[in-house]
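Form predicted alone, single chain, as structure tokens, below.
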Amino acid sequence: MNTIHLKAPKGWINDPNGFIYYKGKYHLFYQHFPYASRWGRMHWGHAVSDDLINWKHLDIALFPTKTDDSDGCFSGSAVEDNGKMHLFYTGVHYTDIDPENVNCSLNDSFISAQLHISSNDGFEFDNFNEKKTIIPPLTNREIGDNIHTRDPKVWKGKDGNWYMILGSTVNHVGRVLFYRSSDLLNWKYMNYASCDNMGWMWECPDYFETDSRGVIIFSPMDEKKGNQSVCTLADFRESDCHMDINKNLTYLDYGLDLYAPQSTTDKNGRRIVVAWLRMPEPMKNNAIGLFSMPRVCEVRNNHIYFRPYPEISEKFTIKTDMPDMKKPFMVKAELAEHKSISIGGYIIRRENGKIITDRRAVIKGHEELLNICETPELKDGFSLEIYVDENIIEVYVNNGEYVITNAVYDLNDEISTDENTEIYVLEE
């Protein structure tokens, strides 16, 4: 399947999980309810790629089999150790099941545990015999919540130990928890980090270093602001798992449709990030959910950039005036003040030193969404690289200074540009 955006094969998908380059292939697992285009008891779907463009969906990798994951195998991550792929995920057990839909609980009546499973080849997973609960439901409410503690992201430290970051909450204030292990199976709680006025629970945390700087990405849940993904610089000390979080947080993406991002390193050692595009309705195949194009995360002048993945950008080599709106294409533009372009009804304009997008014409019937989006005031210029696919548009501003990504439906065939605009399609 040749695409710059991995889409749901059927049913429902959300968070990317277990993103890893392993034995010469990229593996991307994902939250998956394969039976209907709605949220339900989660499995791990599985896709592989040689180049992050050509993807192949495989059989479901993880599914409920144990008491601790009887009602879902939820988000987590992957690492390689001694040739094996190790998956970590949150298992959920309902304590009060919805009698009208047994795929859901009533009133958040469930408990969460953290589980581990390994594979010798990254393709076969023994769900019946190889799962192990490594962190049972929390009992100390001063550390974290036994319901809302989830989404383990694991990495190897400079000291040779393994570290895990988990999202959690205490007294309705979001936080991350840190655990340490020497063998990936026995984990010890070490510390936590938090900051004020940033949601009641922090989902899908991810910590990594790039360009010699620490970066934390997480998705705080907030009743007033909504659930959004943010990022900032952070300093992590391995000796006691203390983290200082820079309070100058920014959105991962200013379209505010992306959520639950996860990172890995590619075969060249670059830090790349993908995220789930939240969609208000199914696509034409009656499936719902797709992922952003992989982005290279870099830090320059204390600012976090998310650049288009170069190996994908380089594939857009054929210049055209009339792209097929049902196939991926890329638009390069340099917008002057008060100027705009239209791509199938999706408007991009420059006003007051910002880039503003308007998707109202291509997402009708969803006035409840944020349909007019804007970047902060720009510092690097007004150069745009726009990636268009049938249900997603990604607007990279100044090679990743900021990005606006939106779900779209029914793009028309009209493109309105100016002399500073070029359009490219993928090479055959």
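This one's a predicted model, so the numbers in the text were calculated from it and none came from an experiment. Heads up: residue numbers just count along the shown sequence, starting at 1.
Form predicted together with a small molecule: not shown, discussed below.
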Within 4.5 angstroms, counting heavy atoms, which one of the listed stretches 119 to 127, 327 to 335, 246 to 254, 259 to 267 is next to the small molecule in the model of the complex?
259 to 267
Among Val154, Cys204, Ile272, Ile288, which has any heavy atom within 4.5 Å of the small molecule in the model of the complex?
Cys204
In the model of the complex, the residue from Phe306, Phe74, Phe316, Phe178 that sits within 4.5 Å of the small molecule by heavy atoms
Phe74
Does the 4.5 Å heavy atom contact test between Arg350 and the small molecule in the model of the complex come out positive?
no
With heavy atoms only and a cut-off of 4.5 Å, decide whether Gln31 touches the small molecule in the model of the complex.
yes
Quick check on Asn14: any heavy atom within 4.5 Å of the small molecule in the model of the complex?
yes
Spell out, yes or no, whether the shortest heavy atom distance between Tyr346 and the small molecule in the model of the complex is within 4.5 Å.
no
